[in-house]
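Take a look at this single chain, the form predicted alone, given in structure tokens.
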Amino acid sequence: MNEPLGLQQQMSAAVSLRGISKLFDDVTAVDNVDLDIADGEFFALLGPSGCGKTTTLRMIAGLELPSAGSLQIFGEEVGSLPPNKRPVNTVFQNYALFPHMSVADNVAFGLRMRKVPKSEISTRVQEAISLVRMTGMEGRRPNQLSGGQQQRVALARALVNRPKVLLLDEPLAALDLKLRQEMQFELKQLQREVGITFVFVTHDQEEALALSDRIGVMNDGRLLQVGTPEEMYDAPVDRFVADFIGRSNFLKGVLESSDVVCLSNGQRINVPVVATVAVGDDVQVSLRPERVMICQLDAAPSGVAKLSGVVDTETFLGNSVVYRVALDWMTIEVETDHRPDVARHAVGEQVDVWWRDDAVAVVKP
């Protein structure tokens, strides 16, 4: 799905791609991508390794040139311009800090290359270091810093050049989970403070959901869907998007009418009105584990969709419990809150799993 959305139409585009493709020999890495990224937006390109997201980012940066299409930044065609002629800066996964330079010298490097006056360099370096909360560490070398501190220095070095667009290529991937979560919060706060466009490449779905104003999901070089985190999670366009963003159960069936699916076990269930699939087509019903309820056999409320089965496994995750329930024709995953008032279910117990009509999304197989 490559069409501009309402947000794109309402706000000026910082980055605009039209028919952008990139071929390496006979391999198509990026395939005819159309995309507008709004001024001041935090936009994430999300997808598995090899999907084309990093190549797309590198074309925006000028590190790769498009094989076809138009690439504009704030209305100026930049597709053939070198990186130093574009109003962008890039933060890489490995930070690319100079090990023999201090924090201050690393941050100042780009300004010195551009022959900015020394007095201005000093002021701008201090502003950038303060912005990323590294004041007092100006004299340290990279090997004296933690991973999170090195990340901040890399951000300061990019921001000191006052780019109109900041490009981030999986910048948190090398950090451990807790530090990565802390840096996610700081990165979002930083983007709000500086107010410029961030284009963020990641394969981490939770990271994309937590940080972004909008997400674009890519696979096999194609842009499959663009939308807010809520839109991508609640209304995925196909099974790939539904499966890549979060976990989901997929119930096979046929669309019998615009709001009824006949499952492969013969059971009919109500679904939200479907406009993207033709009646009679094979579909899959996406059902998020946390939207499925589990209860004792024959204890489900009347009037809801339900299936009966046996608890196959129980996994305790701290704040939640995940059950795998074996049905006659498939296994379904259920996630419940772990609270004193939520009943637990034992392996081997017969149970009902049930959900309300609006808990599902119908997707293309």
Partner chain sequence: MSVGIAEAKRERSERRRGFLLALPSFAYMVLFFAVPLIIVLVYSFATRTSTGSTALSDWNLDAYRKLGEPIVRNVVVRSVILALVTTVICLVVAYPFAWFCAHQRPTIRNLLLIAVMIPFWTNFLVRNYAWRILLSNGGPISSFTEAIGLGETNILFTKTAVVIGLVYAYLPFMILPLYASIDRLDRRLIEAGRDLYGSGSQTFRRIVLPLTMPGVIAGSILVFVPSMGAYVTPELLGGGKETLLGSYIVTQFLTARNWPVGASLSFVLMAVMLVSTIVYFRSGGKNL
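Not measured: the values here are computed from a predicted model. Numbering follows the first chain given and starts at 1. So that the term is clear: the rigid core is the largest set of C-alpha atoms that superpose within 1.5 Å between two forms.
Below, we refer to the form predicted in complex with the partner chain, which is not included among the displayed structures.
Among Pro272, Gly79, Pro83, Gly246, the residue placing a heavy atom within 4.5 Å of the partner chain in the predicted complex is Pro83. Listed residues Thr90, Asn219, Thr202, Gln151 were compared with the partner chain in the predicted complex; Thr90 is the one with a heavy atom within 4.5 Å. The partner chain is not drawn, but in the predicted complex it has no heavy atom within 4.5 Å of Cys262. Interface membership of Gln284, defined by any non-hydrogen atom within 4.5 Å of the partner chain in the predicted complex, is ruled out. When the partner chain is considered in the predicted complex, Phe109 lines it closely, a heavy atom lying within 4.5 Å. For the chain shown alone, Met183 is not a contact residue for the partner chain in the predicted complex, no non-hydrogen atom being within 4.5 angstroms. Stretch-level contact check against the partner chain in the predicted complex with heavy atoms at 4.5 Å: of 153-161, 237-245, 284-292, 67-75, the positive one is 153-161. Residues of 97-111 lying near the partner chain in the predicted complex, listed in sequence order, are Leu97, Phe98, Pro99, His100, Met101, Phe109, Gly110, the criterion being any heavy atom within 4.5 Å.
Core-superposed comparison between the shown form and the other one: CA of Pro229 displaced by less than 2 Å. His203: CA moves less than 2 Å between the shown form and the other one after rigid-core fitting. After superposition on the rigid core, the Cα of Arg86 moves by 2 Å or more between the shown form and the other one.
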